[in-house]
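This document starts with one chain, in the form predicted on its own, laid out as structure tokens.
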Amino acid sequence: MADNETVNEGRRGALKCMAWAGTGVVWGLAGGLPVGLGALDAEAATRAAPATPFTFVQVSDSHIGFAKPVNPDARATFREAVAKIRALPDRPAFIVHTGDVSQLSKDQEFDDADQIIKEAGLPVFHVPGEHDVLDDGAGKAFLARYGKDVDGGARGAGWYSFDHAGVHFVALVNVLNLKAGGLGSLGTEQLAWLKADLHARSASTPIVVLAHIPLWSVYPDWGWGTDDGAQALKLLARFGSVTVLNGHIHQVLQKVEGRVAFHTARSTAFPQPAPGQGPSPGPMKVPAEQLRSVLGVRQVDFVRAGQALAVIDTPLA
């Protein structure tokens, strides 16, 4: 899409939902042409759309504004990730960005990130990372930028959901009110909203959950988990296919628990150490010639409900 008007039209007309705008993750999911997005009444929500393939892209932890020896120019590597998206042979339907768009939640950083991701020519949906809410601790600047073009607006601190071609997407905010050690938190208000949002959905509806901090306990000592994530997962347990996508830890880890598949994403800015492999989390220095081998994209195909996702991770190098 060539300009903001085109992007906004794509959001309103094709997706009818909130636009929240890096590793790049390409997903093929059950679905076809877009169904109505945004707030659905209970009767409409119970009608499942036919399952036909579609693709979308996940990017995470672009950290625009980061410029240290680990990676002197996070803008450049984010642009490389977007170029990979643009070069895909099959055009994705949209992009999701699972947080830490910026390094310090500054307007110029958000502006630069927007200009880079715009080069993909696709609608973009965002959830915030903790680096995106440093301005006021509540993410007001982030929400004003990425939540202003939504039919009915976001809920609470910015959580929302939408439907695309029979797949129900839930975008959660777990970077406010962090718990001891930096653990994520959803809070009672958001959990109540999630329960109501899922109530009208058929158990056969494929669910995709977007969040920044992992909902499962990757390494609580480093804050790599969500304090009340188990309560959200309990609400999701009745569904036959649930995929949880997050960023935050800057590396690929996967876990399957029951019918829930968890996938963490690489960053497009810098790697972090494996859980517990070092004194603390944070940017991990690698030789310059190896940097792009630890940043990357992932293609995932979901042909139809009931089949496992096919995941292919590809580094930027």
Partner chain sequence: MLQQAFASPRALAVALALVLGTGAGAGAALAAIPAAPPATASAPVVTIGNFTFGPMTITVPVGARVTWVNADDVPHTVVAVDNSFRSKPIDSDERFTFTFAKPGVYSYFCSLHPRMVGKVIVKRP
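Positions refer to the first chain, counted from 1. Between two forms, the rigid core is the largest collection of C-alphas that superpose within 1.5 Å. Note that this is a predicted model, so its numbers are computed, not measured.
The same protein has a further form, the form predicted in complex with the partner chain, not shown here; the description that follows concerns it.
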Point to revise | Listed residue (201, 164, 145, 131) with a non-hydrogen atom within 4.5 angstroms of the partner chain in the predicted bound form | key: 131
**Study point:** Contact residue in the predicted bound form, from 119, 73, 90, 136 (heavy atom within 4.5 Å of the partner chain)
**Key:** 136
Exercise for review: Please check if residue 68 has a heavy atom lying within 4.5 Å of any heavy atom of the partner chain in the predicted bound form.
Suggested key: yes
Exercise for review: May I ask you to check whether residue 285 falls inside a 4.5 Å heavy atom distance of the partner chain in the predicted bound form?
Suggested key: yes
Check your understanding: Can any non-hydrogen atom of residue 220 be found within 4.5 angstroms of the partner chain in the predicted bound form?
Key -> yes
Exercise for review: May I ask you to state whether residue 53 is within 4.5 Å of the partner chain in the predicted bound form, using heavy atom distances?
Suggested key: no
Check your understanding: What stretch, of 82-90, 203-211, 232-240, 96-104, brings heavy atoms to within 4.5 Å of the partner chain in the predicted bound form?
Key -> 96-104
Review point. What residues in 167-201 sit within 4.5 Å of the partner chain in the predicted bound form, counting heavy atoms only?
Key: 178, 179, 180, 181, 182, 183
Review point. Taking the rigid core as reference, does residue 234 move its C-alpha 2 Å or further between this form and the one not shown?
Key: no
**Study point:** Shift of residue 179 between this form and the one not shown at or above 2 Å (CA, core fit)
**Key:** yes
